[in-house]
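Take a look at this single chain in structure tokens; it is the form predicted alone.
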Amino acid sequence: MNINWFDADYLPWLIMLFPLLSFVIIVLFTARSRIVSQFVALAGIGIAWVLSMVEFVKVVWASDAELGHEVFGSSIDWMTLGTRTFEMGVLVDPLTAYMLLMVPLACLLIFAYSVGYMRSDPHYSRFFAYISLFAGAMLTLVLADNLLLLFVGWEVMGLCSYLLIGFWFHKKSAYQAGVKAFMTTRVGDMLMMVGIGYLFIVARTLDFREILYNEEMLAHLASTPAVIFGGSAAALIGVLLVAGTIGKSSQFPLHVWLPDAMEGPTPVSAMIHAATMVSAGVYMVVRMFPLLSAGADFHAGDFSAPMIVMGVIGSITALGAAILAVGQNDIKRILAYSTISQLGYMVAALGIGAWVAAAFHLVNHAFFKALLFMASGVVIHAMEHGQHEAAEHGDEHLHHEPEQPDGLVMDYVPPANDIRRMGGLLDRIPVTAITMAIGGLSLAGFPLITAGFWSKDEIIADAWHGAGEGYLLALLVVLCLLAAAVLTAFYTARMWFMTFWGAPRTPAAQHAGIGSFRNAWVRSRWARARRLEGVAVSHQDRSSALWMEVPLIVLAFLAIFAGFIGVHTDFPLLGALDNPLHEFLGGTLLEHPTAVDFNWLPVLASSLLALAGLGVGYWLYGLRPLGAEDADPAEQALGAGIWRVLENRFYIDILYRRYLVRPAEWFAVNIVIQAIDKETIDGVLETIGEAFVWLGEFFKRFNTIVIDGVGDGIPGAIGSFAGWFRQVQTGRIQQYLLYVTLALLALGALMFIQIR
């Protein structure tokens, strides 16, 4: 078969192949060579990115031909189940192409950042093998043309999250966090798998085009009664699929794993929170939106059951996570709750039918959240260096993680992660500070000049429109999202000012920063001071700086400009491009969605709230930077009781531990292990074993006494008799004559008796 692999139909196979191939090569051949493994991983994701850009260009060129009606892709036979043959294939439609803009690029930048970040790690090659598999699984999920292959990529990412969150397995908190993430997401994944199975039973296919681009199939699913709970099969399947997203994208109540996932290396946090795992959950429900909304006219306020679930869960998650982020002091956990909140925005948007806005925010969020996490990693490394420097000067003792009670990873904040111990890092790591400010402004939705503003504004505009039409679900969404917007701006400002502003609050912050975190091409005041002190800034440090700071700069650029492709058509000046993103993504569905009319009110509301949150943050933390002994103004305003609740995450983890985990452990130990396994199953098996041992002993004795006694006794008796009788043959003539004489006498006596 002659295949042109650079044809748009076959190129997607290569896109997802190269990262997976990198994983195989590193594991089997290059694991002992750090440099070669690094090169293999970068080559794999780099080639995937180049091919993705080629594919995207081909898609854009084909857009005039109404891509969506005619898509790119190919498939091969996979396995046969009864009379049905499953096919494994790739599909490129507008939604896939849009994801190909983000996923490979974000992964490539994270890989490059990892070269500098993980340079001193003893398991360097293993790390690159795992993240290569992670990237390959995400690309498989994005390019899959059916739900089964998507689920394969989905589950491989679950494995990778376990391996990477617990990458530093020598830390108890790390491997506990890996197990927690794996087990928590299993809940949603099991329900999702049930939904996939039920969909196959009803539709007899899992192919996206056969289900989602087929009016008859969608009508059939919407009209078929569900096997349980009433309603339609489409509604039940949709709710089960949404459950998968609740687990994978860390929505309430399965959100508890994501903050603890910060125990992994920072590049892993960036991968999970931006390019791969949590994005996969939102992507899946965006992809399956025609099924989730089947049988409902959400334009008229008639929302399906899956949409109601998404709207309510997403709204609660967006607001609740934003509240919790205010009370966190670990820089990475602030960003983790920020991720949960922003994912809540996307899920809530899908609940009211704003799937284009959700996809728009998904990609923009990936860029600025990857930037924020990677910048936080630079901050943490700089603080760790500062701790060692301070310890060497006798200014501070190194801190060690205390033992966590009941296996919980909750209240302890590592000193290097604690924003209360920072301050003054703007002069120490200026490139990181500036790029993190750009990412923070995009996260906060700073008006007009950030990507986060445009995508978040689209979601709020759709919710505002629905609320204006009197839809209660849309009203809930818009109220929660607007409240979350002001909190997002506030905790972002709090995080940045406490980290970079003012004077250092601890000796670690005073000594923070090493050459690898300097601007490698601009000789900063810090680097000059270090040289004057006789401390050299090595070439390796400068090389590490390039590997880490260049991705930050690229992502900072995207955090500003990536949003301009989705500006509303009627927006003054900037809307002249006729909203190319909405037009492009609209081809994904059978029915091209219409954008809501432009309205200044949601724009002004979201802008004012973002500015208000940033303003309050500046007023509390910027105008008068905190000193070493100053209390946190937010903590003082909320009070010790409320602050403790926020620090302990509404005590949800403790409740789960007390009422779910401990009962499950008790049931496992006392019922499953002790009562069922040891006493029942082992007892029955041991009784059966003992019975057969007794039976074996009985047959052994029977064999010895009866069978062996008779069988061996007769030949033994014959042998004994022969041995006795053999004594007759002595070879002595006198003895023989004596025997003959005795025999004759006996015969004579016998004859004499008979004669008488």
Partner chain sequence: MVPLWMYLMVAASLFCIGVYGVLARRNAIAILMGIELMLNAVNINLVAFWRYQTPLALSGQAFAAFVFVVAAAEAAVGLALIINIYRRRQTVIAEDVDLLKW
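Residue numbers count along the first chain shown, from 1. Since the model is a prediction, treat every value here as computed from it, not as a measurement.
Although it is not shown, the form predicted in complex with its partner chain is what the next lines describe.
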Stretch from 695-703, 724-732, 51-59, 709-717 whose residues place a heavy atom within 4.5 Å of its partner chain in the predicted complex: 724-732
Output the sequence-ordered list of residues from 732-747 with at least one heavy atom within 4.5 Å of its partner chain in the predicted complex. R732, I733, Q734, Y736, L737, L738, T741
